[in-house]
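Shown next as structure tokens: one chain only, the form predicted alone.
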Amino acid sequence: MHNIVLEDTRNIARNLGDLVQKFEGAKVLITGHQGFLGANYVALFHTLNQEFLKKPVELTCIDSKIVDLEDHTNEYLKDARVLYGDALEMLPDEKFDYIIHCAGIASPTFYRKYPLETIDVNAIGYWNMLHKLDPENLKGFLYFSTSEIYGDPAANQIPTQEDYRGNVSCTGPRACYDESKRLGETISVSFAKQKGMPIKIARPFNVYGPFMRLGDKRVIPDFVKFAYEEGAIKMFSDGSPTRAFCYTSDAIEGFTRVLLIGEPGRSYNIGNDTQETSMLELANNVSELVGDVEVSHAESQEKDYLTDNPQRRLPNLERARTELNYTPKVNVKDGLERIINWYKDTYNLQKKETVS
């Protein structure tokens, strides 16, 4: 187990405290376990079973491999049941205590490439899955929404709180993701109210960390990849857009609090509200950590790369703080150092020498 992943999962478990005992001997299903967030949960349950629980979690994982990138979960799945295929078709006919629904396509490059599949997994497939599910023993169901449901908020709506209704295009190149997640939330609330299902909704804000693949096409892996493979970081914007980046150990702790003690049918922003970082600042941080690489502007080969791209993204975390006792702890610089070290070890990265 990579030392950074081990440290992160131990920190998550310690920060959750007595809440982890709710998983004692539980039957847990993870959909989309090979993806970024799913893989982090696989690693967390591996650590819980090894070090924190007297009776281990019985883990079942399902992944459709729509975006067939490399898998980093094998070493954590020795005691899990792993199924490959559509989550609806592969869903076992049995009762689970907790379901963590990570299935989805979250990278803009990939959901623009697979818009119909994105709509299906976020809403249509999700609807059908809930109808097929046996909820008798279900104690918690975690639906991953996104901060993208807010679209591009007006300045007076930043930091953005959960009751903001959003400024979202329903036909633009990002709409397949944004609008299907909004519908997914409507489905979640409706099933919670009408069927009494314990579905809780997490809205992640720009989470990053181990298991985010180097070829993911999101900004942090892109900057790291450019820095090592080309010796220069290319920004596909003017550098002014800002994000509040949240490291995975903070995010997974927050998501788990939503699952275990959140209110059914209620949404919770999970992220880091202490640092708002511009793309230029992010590029300079990566440059410094990798070792003084050049930062430059370039035009993306994707014509829709910046279309409907929000200028600012910053969460209001009052609900998560007061209802879930959630507090992010990892600053951007420390988190970047951790993910860069994970990339170096996982991908055997060697910095390209530039010729002066």
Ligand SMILES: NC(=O)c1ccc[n+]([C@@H]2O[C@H](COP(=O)([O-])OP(=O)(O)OC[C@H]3O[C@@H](n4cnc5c(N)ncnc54)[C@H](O)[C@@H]3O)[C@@H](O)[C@H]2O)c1
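No experiment lies behind these values; they were computed from the predicted model shown. For every residue, the number given is its place in the sequence shown, counted from 1.
Unshown form predicted in complex with the ligand; subsequent notes refer to it.
Only one of 52 to 60, 33 to 41, 324 to 332, 289 to 297 has heavy atoms within 4.5 Å of the ligand in the model of the complex; I'd like to know which.
Of the stretches listed, the one contacting the partner is 33 to 41.
Taking any heavy atom pair closer than or equal to 4.5 Å as contact, tell me whether Pro204 reaches the ligand in the model of the complex.
Pro204 belongs to the contact set for the ligand.
Are any of the heavy atoms in Asn309 no more than 4.5 Å from a heavy atom of the ligand in the model of the complex?
Result no; Asn309 lies far from the ligand in the model of the complex.
In the model of the complex, does Arg218 have a heavy atom within 4.5 Å of the ligand?
Contact with the ligand, yes.
Quick one: does Ser64 come within 4.5 Å of the ligand in the model of the complex, counting heavy atoms only?
Taking the distances in the model of the complex, the answer for Ser64 is yes, it comes within 4.5 Å of the ligand.
Listed residue (Ala283, Val258, Ile199, Ala103) with a non-hydrogen atom within 4.5 angstroms of the ligand in the model of the complex
So the residue touching the ligand in the model of the complex, by this definition, is Ala103.
Out of Val121, Val224, Ala244, Ile99, which one falls within 4.5 Å of the ligand in the model of the complex, going by heavy atoms?
Exactly one residue meets the criterion: Val121.
Taking the ligand in the model of the complex, which residues along 169 to 190 bring a heavy atom to within 4.5 Å of it?
Residues within 4.5 Å: Tyr177, Lys181.
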